[in-house]
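Before any questions on binding or motion, here is one chain by itself as structure tokens, the form predicted alone.
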């Protein structure tokens, strides 16, 4: 008798889901992808070129570090990268200053990190090794990075994981994709379909059931997909709301709380002209701008001349803006820029051509931005990544390399899950 083709259902058409689907379909498996949204990409959110003048991103934007899987796919897709250059500035409450990255305590920080054997939270690490007024600026800088860049809570975030990610040896290079991550998702989705993958959009999965050696995936509209294996690639908060078989539920209960999950608010403001460069010639090469305002981080599209400023607020304190919708967030962004540049708010608002804001905690199919490591995360990931049972977990939350919480992490995890299935 001919061998029947194993049918695998993948829940989620983000980077991890599409990557796993492509690898499995290329190896001859029958693959169905169920995506709750009416688009592929998940937390990759392309914005209309007609509104912002270029392929802007309401979600993931940067390629962090070496990112070998991402860069390999970009080569396949014929897409190019440009490294982020330019200067970092900050607003100290009174003046705009070009940031110098050299901290007088950097050498001691690196030495203490290098000798660190037992993991502990970043906040506890700083209390234990860098108490005292002399270290206050460095503590503030590290905590701001943990909250803003990693969207993490310093009281829970793993020092060893962050050492791997960015503390050890400074900041990894960052780049942008010409055409944005949306172009990469378009390539992956097209390649999946070409390889025979069926992608159902608007398919909200509510339950997964096991019956002996087969599984059934139930969608909110009543559709049921019978299969041999299921791969769940949705964000951690959504897994808790899904009815799962006992074995998968037990794995999740044993591990999910030990993986951090953060939030990000992202605001894009397009202006009629780059007024910040016109007012301050020194800002011609500004890439990032840090402040203590409500929306604390801003960046430009330098070296592109786009008159767009992107606002970013990450970490636990985003809960302070929980009650604001998109228009309220845009208003908060304009207020922050007016304060930083000491301009009347109406002058800034008058220049506005297009605007959008996303609080990812409000997105029903994300409930936040991305994962980060606690001291217990590596053990939790080992539990969740096991291939026992018919239901497998995949996605950036399970990535055990550097730069957890990135698109690279999602792609690599999806690839690894597919390879695990193919190895049998």
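If you're wondering where the values come from, they're calculated on a predicted model, not measured in any experiment. Positions refer to the first chain, counted from 1.
Keep in mind that the form predicted in complex with a small molecule is not shown, yet the notes after this line are about it.
Each of 42, 235 and 238 comes within 4.5 Å of the small molecule in the predicted bound form, counting any heavy atom.
Using a 4.5 angstroms limit between non-hydrogen atoms, residue 399 is distant from the small molecule in the predicted bound form.
Among heavy atoms of residue 58, some come within 4.5 Å of the small molecule in the predicted bound form. Among residues of the shown chain, residue 360 is one whose heavy atoms approach the small molecule to within 4.5 Å in the predicted bound form.
Although the partner is absent here, residue 312 sits close enough that one of its heavy atoms falls within 4.5 Å of the small molecule in the predicted bound form. Taking 183, 123, 203, 244 one by one, only a single residue has any non-hydrogen atom within 4.5 Å of the small molecule in the predicted bound form, and it is 203. The partner is absent here, but in the predicted bound form a heavy atom of 264, alone among 264, 269, 289, 188, sits within 4.5 Å of the small molecule. Only one segment in the set 314-322, 89-97, 130-138, 227-235 has residues whose heavy atoms sit within 4.5 Å of the small molecule in the predicted bound form; it is 227-235.
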